[in-house]
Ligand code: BES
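There is one chain below, alone, in structure tokens, taken in the form predicted alone.
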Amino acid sequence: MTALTLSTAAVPGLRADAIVIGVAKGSAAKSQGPVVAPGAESVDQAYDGRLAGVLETLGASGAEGEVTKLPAPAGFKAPLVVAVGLGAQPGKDSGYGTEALRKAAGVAARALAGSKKAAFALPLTDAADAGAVAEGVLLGAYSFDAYKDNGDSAKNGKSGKGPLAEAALLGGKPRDKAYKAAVERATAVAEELNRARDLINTPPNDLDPEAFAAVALTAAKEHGIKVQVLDEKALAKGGYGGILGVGAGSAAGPRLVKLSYTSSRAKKHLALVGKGITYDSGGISLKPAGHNETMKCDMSGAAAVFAAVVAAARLGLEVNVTGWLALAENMPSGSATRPGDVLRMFSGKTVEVLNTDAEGRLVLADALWAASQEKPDAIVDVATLTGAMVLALGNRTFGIMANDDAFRSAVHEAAEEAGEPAWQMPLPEHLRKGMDSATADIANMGERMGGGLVAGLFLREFVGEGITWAHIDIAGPAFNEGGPFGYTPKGGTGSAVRTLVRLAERAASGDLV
């Protein structure tokens, strides 16, 4: 993990491999080129005030995600200047915004892989900006190389470059409590989010439900979190028909993991439920060719919940947070659940399984009912649940549904504050009838159109009466199959972790709904 420091050092005399500065897009109305952002004044001065022109000559425009490298001016200890695009220049009385800073820092950190130290001279107006840059650096520097042979980089195509080793945040205030707290928060959240990414990227032959539960046990002991793991026998004794039904076809047994972080000063209790399908073949309703290769990521919801609970513990938030990880592997075999089978869920309701590839809602249903028994102030579930949500919102935005309009808005606000693209979605009552079953209380499939909303309506059936609940479908942004962008890497992204942590913080401050 990249080491972070706050520094008030002067840029010219700072010993580092590179100085990172920000560049914004100038106003088109005034036919301006790139504009050097605050924080880089000494660099611009060393170029005799012509840095913007030099950058424009090199093709820089200040567009978001753009990186331009140039030799540092004479007299600088650092040999390189890295100019990173911040996007549109803000108004006179407004800053660049935390998300723009987070993205720029992430892009620069990734561009400086293999470097020992970089100084980030990005525009900081307050502690929140410092936290955003810190978070962007740590998330952007992430890489997953556990399965690559470091001994022969040329043979396997690996660059051999490790992540940026150290980042100094210039303009920060090392002795200011707010700045120190912002960087400490960014470190805790980013480290746990990156742990979630590691879990998502781990191949399914090494991360089955039992192995995931073992990771949770280790982390829980380290951070003073109570943990309970229900194995196959305990699940059968408790009547968890949904989790058992999904895991019935696999040689790797399912698990339900409960993580409990408690604070002596807590006035609110937030329950988080995560879908943890460590590999999803579709079961008997087998996925077609081309749809299986990334299904190790179907446990991204559980990874997000796990990371959020640990982050809450590390931050010492004054709120009780309980995480429920519903873990199973969905495989076809002679013992697998068949289309047409009826499962008796933990709630006592029966579900006719019409499609075994609609398995996530089955494990979540049991976990939601288990969470409801503790009567928390609110429940939020997170899942890579439906392809329909990807069709609706694309690959970078998750959908939010809820049984309470105010809470749905609160979750959306938390996502916006965290910098995660999200959109509020409805739960149309007329779609519920499509899940009526002649055999059971409810079927696990309904109308094809609006499938993401149908899944939300199914989950609502398993939330305890009177409990505020929201459902986050991260099927789109959970796994990035394209190239990296901003602070988001290729592969597992850790989607929703920051939103859940922000929700826990709001709950701690009494602003849950």
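As the structure is a computational prediction, the values presented were derived from the model and not from experiment. Just count from 1 along the sequence shown to find any residue number.
Below, we refer to the form predicted together with the named molecule, which is not included among the displayed structures.
Interface residue among Thr386, Ser372, Ser347, Asn320 relative to the named molecule in the model of the complex, by the heavy atom within 4.5 Å criterion: Thr386. Among Arg102, Arg361, Lys296, Arg110, the residue placing a heavy atom within 4.5 Å of the named molecule in the model of the complex is Arg361. Every member of the trio Lys275, Met445 and Ala475 reaches the named molecule in the model of the complex with some non-hydrogen atom inside 4.5 Å. Among heavy atoms of Lys287, some come within 4.5 Å of the named molecule in the model of the complex. The closest non-hydrogen atom of Asp280 lies within 4.5 Å of the named molecule in the model of the complex.
Using a 4.5 Å cutoff between non-hydrogen atoms, Asn355 counts as a contact of the named molecule in the model of the complex.
Note on the interface: of 251 to 259, 386 to 394, 110 to 118, 405 to 413, the segment with non-hydrogen atoms within 4.5 angstroms of the named molecule in the model of the complex is 386 to 394.
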